[in-house]
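Okay, so here's just one chain, in structure tokens, the form predicted alone.
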Amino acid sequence: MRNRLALVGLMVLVMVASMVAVGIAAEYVPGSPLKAGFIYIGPIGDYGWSHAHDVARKAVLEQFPWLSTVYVESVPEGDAGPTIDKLINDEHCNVIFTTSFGYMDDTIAAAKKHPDVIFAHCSGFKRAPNVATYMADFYQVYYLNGLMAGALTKTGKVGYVGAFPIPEVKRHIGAFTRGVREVNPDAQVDVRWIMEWFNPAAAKEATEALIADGCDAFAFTEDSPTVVQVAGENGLLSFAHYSPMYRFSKDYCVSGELVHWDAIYADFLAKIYAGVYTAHNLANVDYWWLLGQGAVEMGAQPGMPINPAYVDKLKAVTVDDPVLGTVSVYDLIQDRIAEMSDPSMVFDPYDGPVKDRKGNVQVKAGSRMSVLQLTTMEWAVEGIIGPWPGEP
């Protein structure tokens, strides 16, 4: 009997050693210390996307005494697999957050390889039993910024510096354009792609080119304050992206988008700790958090939804809304915030009818785009000019 027990014990030790050797992680036990690994596309000092995620990481780390974290910055898209393996095998992470759209396929592949590890992929649409998806999305806030840009542009040409032409960026530009043209129906949004998430030199060059083409207001997706700075140096308006950028152009930064990734991270991690989320029940878990969930807000900096220098100017411009009647753009913005924050989502920037720039109806009257349609969007709305890779 003793020999049999000894043999069984030896077999267990061999199995455990084998699991460690091949990198098979043990399943997380609810209520025990939890370690989360974060993979970032850019440097944490980019003052944009990666910076915002890291601010949130620090916030939840301070909030939860049972949590420890580790991060890896500047990991190229399409090359996340080895980093994921290292976080699991060497750092012993129970949870992996992959924070860029281009990590999607690597995340799914790693999840199959590590079935007992919990994964969450940001901005994607592929899930698995141990892979959730999440997004604090800005399309509502971009629409609100578009209302302001449409009211304040003097040339009727608004510039947009885009990073990569992925569905996320395309729906943001579309919502922004919808806002611009709701106030200024003849205005156009001129898009320039730089094919980089963080490249201040390319962002500067694109902004200067748009200025040369007559644009006098700017929005962007690039993880630095470069567009805000270049626009300000030329006495032109801008809308900040992801982080507070008012201080980079106090006279010309009108508003922007601010993110609260910590709202999502706190909810997700707390549910793992409590045993609500496991490595077996995440296939239908998709955080799509907007204004109503407190994941995003409008503003050039916290506590400043609109730069005070532009409030009276926005109050001086009026539009005729079929429901609200004649209303100032400033009041329209406040009404839209309330409508989009309502649990029933009274208003959405993509409420139909919506046509693409080729004249095709993409959203019928009385209809609204689904989350899947938003997260896979490729077409350009009316009013967008410039190249549009992947356009149907």
Partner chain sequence: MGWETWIIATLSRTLAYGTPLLIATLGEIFAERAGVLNLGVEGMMIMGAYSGFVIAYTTGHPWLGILVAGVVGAVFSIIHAFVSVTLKANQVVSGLALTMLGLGLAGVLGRGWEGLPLFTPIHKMTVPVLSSIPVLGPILFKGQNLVVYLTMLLVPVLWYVLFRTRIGISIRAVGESPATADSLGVNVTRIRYLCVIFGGFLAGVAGGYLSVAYRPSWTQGMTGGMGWIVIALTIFAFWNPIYGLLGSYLFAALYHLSFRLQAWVSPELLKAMPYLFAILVLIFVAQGTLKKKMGAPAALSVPYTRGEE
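Keep in mind the model is a prediction, meaning the values are calculated, not measured. Definition used throughout: the rigid core is the maximal C-alpha set that superposes within 1.5 Å between two forms. Numbering follows the first chain given and starts at 1.
Below: the form predicted in complex with the partner chain, not depicted.
K.L.:
Of 210-218, 115-123, 267-275, 90-98, which is the one stretch near the partner chain in the predicted complex, taking non-hydrogen atoms within 4.5 angstroms as near?
P.N.:
Of the stretches listed, the one contacting the partner is 210-218.
K.L.:
May I ask whether E73, M195 and Q229 all come within 4.5 angstroms of the partner chain in the predicted complex, judged by heavy atoms?
P.N.:
The answer is yes: all three residues contact the partner (heavy atom, 4.5 Å cut-off).
K.L.:
Is N234 close to the partner chain in the predicted complex, meaning a heavy atom pair under 4.5 Å apart or at it?
P.N.:
Close contact exists here: in the predicted complex, N234 approaches the partner chain to within 4.5 Å, heavy atoms only.
K.L.:
Taking heavy atoms only, is V311 within 4.5 angstroms of the partner chain in the predicted complex?
P.N.:
The answer is no: V311 has no heavy atom within 4.5 Å of the partner chain.
K.L.:
Contact between P392 and the partner chain in the predicted complex at 4.5 Å, heavy atoms?
P.N.:
No - in the predicted complex, heavy atoms of P392 and the partner chain never come within 4.5 Å of each other.
K.L.:
Might G102 be said to contact the partner chain in the predicted complex, defining contact as any heavy atom within 4.5 Å?
P.N.:
So G102 does not count as contacting the partner chain.
K.L.:
Out of A128, A263, L152, A202, which one falls within 4.5 Å of the partner chain in the predicted complex, going by heavy atoms?
P.N.:
It is A202.
K.L.:
Have a look at A110, L258, A206, A187 for me and say which one sits with a heavy atom within 4.5 Å of the partner chain in the predicted complex.
P.N.:
Partner contact (heavy atom, 4.5 Å) among the options: A206.
K.L.:
Within 4.5 Å of the partner chain in the predicted complex, counting any non-hydrogen atom, which residues from 45-73 show up?
P.N.:
The stretch touches the partner through G45, D46, Y47, H51, Y71, E73.
K.L.:
Would you tell me if S74 moves between the shown form and the other one by 2 Å or more at its C-alpha, with the rigid core held superposed?
P.N.:
Superposed on the core, S74 moves its C-alpha 2 Å or more between the shown form and the other one.
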